[in-house]
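Below you'll find only one chain, the form predicted on its own, shown as C-alpha cells.
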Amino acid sequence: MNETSEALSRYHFPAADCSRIPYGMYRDAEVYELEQERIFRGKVWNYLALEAEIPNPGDFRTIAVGDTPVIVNRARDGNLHAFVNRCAHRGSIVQRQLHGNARGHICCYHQWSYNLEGELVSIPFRRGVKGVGGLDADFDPKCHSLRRLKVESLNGVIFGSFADDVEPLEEFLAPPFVAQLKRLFHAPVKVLGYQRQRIFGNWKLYSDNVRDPNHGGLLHMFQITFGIARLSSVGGATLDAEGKHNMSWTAQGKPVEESKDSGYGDTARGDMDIKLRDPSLLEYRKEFPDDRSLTIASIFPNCTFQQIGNTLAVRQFRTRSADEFEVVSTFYGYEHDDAAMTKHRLQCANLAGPAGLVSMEDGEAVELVHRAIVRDKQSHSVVEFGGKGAVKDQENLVTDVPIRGFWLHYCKLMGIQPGAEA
C-alpha cells in the first residue's frame, strides 16, 4: 500500500465506509499530483479508444491518460500499441494531430522519428557535420523509445496500463462489466461522431455524478418529464466485488405506478403529463436481449459506457488540473445498422453531451459544487442514500452506494485508511 503523504494527511475520512468525503480531496493540487501516479499511472486499466477508430495499419489517435498525452495506433502487422506522446530528446509533444494515418511519428522540434511501435528509429545529424558535434558513439536509440503502455482489447474496446504487473484486463473489469462490454460491443461498430466538453471542476465530482442514479431522476428535467427514467422506475445499480465499477440501469416497459406517494410530490419538478409533438426522440427500438433501455456503466478510473435508449457512446475523462477536466464522448452504432437506425441514433444523440436534453445539467452541477467547496475543506459531503455500511448491488435508484464504492477503491490505491483516527 502507498504511504500516506503530507497532502493526504490534511484530510480525514471519519467513516470507514466512505459515507463522509472531505471537500479538500476535490480541491487540493498536491492530491491531484498524487492521483496521476497512484491511479492513472498505477495498477489500473485506463480506457484508450475503440479499435473501430484505428481500423487500418498506420491509423492513430492522440488521447490522454489522466493528464499524460498518449498515442494509440495500429502497427503495420495489425497489432495495437500505445505510448507516451513525449519526445525522448527535449520532451516535446511528438504527434500533434488528433487522428490520422502515418508511417511513424516525427517530433517537429528536432525531427526525432519514432515508428508505430514507439521505437526511436531516426535522429538528424546524429554524427554531427564533418565529424563535429552530434551524439557520442555509445548513444543507443533502443534506450530512448517512447514510454510504452501495456495494451489489451476486449471486443474492440482498447485499454492501456502503465503497470507491467497489472492484473489481466477481464479480472480488473470483473464479470458484470465484461458482460456489459460484450453486450454493447456484440457486433462490429462504426463511429458516428464526437463531442468534447471542458468542465471547470474536479474530475472526481464527475466520477461521483455518473455513479449517482439518485440525481438522474431529480436534476434532469427532460428525463423526468418525459419518463425516460424516474426514481420511481424499475432500476438499480450493479457493482463489482470491490465497488470500483458501477452500472446504473433502468428497464423499459416496467414503470412503477406514479402516485402522490412516489416521492415527486416533495419536489419542484413540474408537470409530468407534458407530451412531445414529435415523440420519435423518445422511441426505444429494442436491440438487446434484456429489457434495459438505459445503462450507465462507469469503469474506474476514466470512462463511462452509456446507453440512453439507442444512443451509444463512450465518455473518457481527461484531467487537466485539480480544477479542470475534459469529457470526450465517442458516439457509435453498429456496422449492420440500416440508414433509418443510424438516423435514429443521431437524432437520439441530442439527449446526451454538453448540450444534451438529458445531460446538459451535469457539467453545471459539477461546477456549482466545485465553487461552493473552495473553503471549509475539512467539512464533508454526506453520502448515505441507500444506507451506510457494506457496498453492494442496489435494487432501486435512490442510492449513493456506488459513489462510496469508488471512494473505497480510491482510498485503497492512494494509501488512505478511511475511518482511522485523524
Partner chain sequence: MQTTMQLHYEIEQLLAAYAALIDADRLEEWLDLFDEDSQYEIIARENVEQNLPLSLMLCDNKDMLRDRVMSLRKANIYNIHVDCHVLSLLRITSAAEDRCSADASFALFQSNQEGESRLFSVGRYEIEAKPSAQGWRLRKMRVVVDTGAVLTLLATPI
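Just so it is clear, the structure is predicted and the values come from calculations on it, not from any experiment. Positions refer to the first chain, counted from 1.
Unshown form predicted in complex with the partner chain; subsequent notes refer to it.
Comparing 383 to 391, 38 to 46, 22 to 30, 356 to 364 against the partner chain in the predicted bound form, the single stretch with non-hydrogen atoms within 4.5 angstroms of it is 356 to 364. Though the partner is left out of this view, Tyr194 does reach within 4.5 Å of the partner chain in the predicted bound form, counting heavy atoms only. Among residues of the shown chain, Lys142 is not one whose heavy atoms approach the partner chain to within 4.5 Å in the predicted bound form.
Not displayed here, the partner chain is approached by Ile274 to within 4.5 Å at the level of heavy atoms in the predicted bound form. Proximity of Trp249 to the partner chain in the predicted bound form falls outside the 4.5 Å heavy atom cutoff. Only one of Phe226, Phe305, Tyr284, Phe185 lies close to the partner chain in the predicted bound form, with a heavy atom inside 4.5 Å, and it is Phe226. When the partner chain is considered in the predicted bound form, only one residue from Leu120, Ala349, Leu205, Leu116 comes within 4.5 Å through any heavy atom, namely Ala349. Although the partner chain is not shown here, in the predicted bound form the stretch 35 to 73 places heavy atoms of just one residue, Arg61, within 4.5 Å of it.
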